[in-house]
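One chain is shown next in structure tokens, namely the form predicted alone.
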Amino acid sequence: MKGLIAKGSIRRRLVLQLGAVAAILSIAFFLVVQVVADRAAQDTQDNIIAAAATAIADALYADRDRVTLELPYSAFSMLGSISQDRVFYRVVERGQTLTGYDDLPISRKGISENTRRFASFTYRGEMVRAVTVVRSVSLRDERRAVTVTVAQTQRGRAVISSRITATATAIAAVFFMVATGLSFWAAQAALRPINRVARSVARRGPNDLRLVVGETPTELVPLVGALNSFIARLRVSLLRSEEFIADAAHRVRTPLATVRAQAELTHRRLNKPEHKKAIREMIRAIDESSRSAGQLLDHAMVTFRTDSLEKTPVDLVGLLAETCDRLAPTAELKDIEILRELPEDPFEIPGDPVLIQSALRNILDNAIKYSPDDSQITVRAFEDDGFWLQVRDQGRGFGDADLGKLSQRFSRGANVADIVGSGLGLTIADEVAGAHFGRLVISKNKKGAGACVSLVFAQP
């Protein structure tokens, strides 16, 4: 559309913004699941190795002067059931290793009996998770503290974490795609009221200046209100323009008519041929100015009334007869007889009687103006795939002019240069016909010299 520069798309902006929100939520979901999964895997491994260490510690007992241990099979079976990780252990009493790996680090700092301490460190080239517990064993009259440490590699935890991460990634991807689709749907739904208002206004014809009414979202109320305010101002402007045109037509035609009358009186009083010739040229110029001004104002009036067309039932036959009555005195000045072939039944259509009569007046006035003295003009109204209002004269016709261009503004036949005219009469008739969904038909008189001009309206 001219004058409008499309820059950006609200729909695309909404989709991108909602898609960005969905992406952020998907990433946040992935990170949260990854942290929770890693924490859960860590807690699971800690619980298992702690249970294994407790089982070993519970198997300690006193045998005479020393602490003895029989490693329980259940402690190692529960460690081997969750993965293929390697397991290390060490049991220490008074700094001496009772059993296990002598180089497995043990830290008793800050640990007391019946508590446990977890630690992660690298052992023999692999990251391990270790737990240390302390148990007291009664040996004769004393209690000896025994430290038990169990460590396990973290391959199984990594596998579990990676599986959960892969699942979280898939879920996040699906969530993002679904959220993006829902974002597009939400953008469409959010813009639907705007599209509805736009279609409502776009479907209107150029003459429809009704206010936009109906249910409107709160966010669109200012826009629709501004549009209605503009329509109201435009309607007032058109009404004022029409009133101005009507007033201007009256104020322009009356002085020109007065000047013409005075010029004719002066022409009769003059005796010298050169003076009479000058007055005749002045009278001709006045006639051209008067006719041009009148038809320009008529054309403007037709344009404004067409833009705000109000249709009422119009009797075409009665309107044609009335037009003939009004122009009959003008025809009698040239001894032109207007023959009427009008049916008794009315041809009724919805329309603007002022516009249709203006079109008929211009067509009949042209026929009178271009017809020779003592000739006939035939005015007909008949039905033939529509209502036809036809004016046929015996004048000079259209010569070699292109009939298809005669309805254009200021277009006249090449053989009428000596007759006063503005070239707007057929333009007015054509625009009035178009406003009533009809057409203007221009042709040569098939029954002799002259022209034949018809207004054709569709039957309701």
Partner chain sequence: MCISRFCAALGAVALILAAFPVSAFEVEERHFFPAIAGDEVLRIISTADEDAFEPIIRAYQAQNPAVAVDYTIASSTEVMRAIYDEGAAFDLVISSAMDLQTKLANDGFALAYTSAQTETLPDWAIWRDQVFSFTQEPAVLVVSEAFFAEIGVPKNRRDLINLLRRESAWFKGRVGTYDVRTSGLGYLFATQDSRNIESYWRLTELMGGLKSPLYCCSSDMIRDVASGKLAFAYNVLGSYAASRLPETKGFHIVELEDFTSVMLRTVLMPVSVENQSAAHRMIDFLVTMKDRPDLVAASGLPPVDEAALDANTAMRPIRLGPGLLVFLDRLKRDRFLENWENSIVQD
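It should be emphasised that the depicted structure is a prediction, and the values quoted were computed from it without experimental measurement. Positions refer to the first chain, counted from 1.
Separately, the form predicted in complex with the partner chain exists; it is not shown, and the next lines address it.
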Next item on the list: Determine which one of 222-230, 182-190, 93-101, 369-377 lies within 4.5 Å of the partner chain in the model of the complex, judging by heavy atom distances; exactly one does.
Entry: 93-101
Notebook entry, point to check: Hey, in the model of the complex, is L71 touching the partner chain, heavy atoms inside 4.5 Å?
Noted result: yes
Margin query: So, T167 and the partner chain: in the model of the complex, are they within 4.5 Å at any heavy atom pair?
Written below: no
Notebook entry, point to check: Does R86 make contact with the partner chain in the model of the complex, using a 4.5 Å heavy atom cut-off?
Noted result: yes
Note to self: W388 versus the partner chain, in the model of the complex: is there a non-hydrogen atom within 4.5 Å?
What the structure shows: no
Item checked: Residue (of T115, S77, S138, S120) lying close to the partner chain in the model of the complex, criterion heavy atoms within 4.5 Å -> S77
Notebook entry, point to check: Exactly one of E332, E310, E126, D325 has a non-hydrogen atom within 4.5 Å of the partner chain in the model of the complex; which residue is it?
Noted result: E126
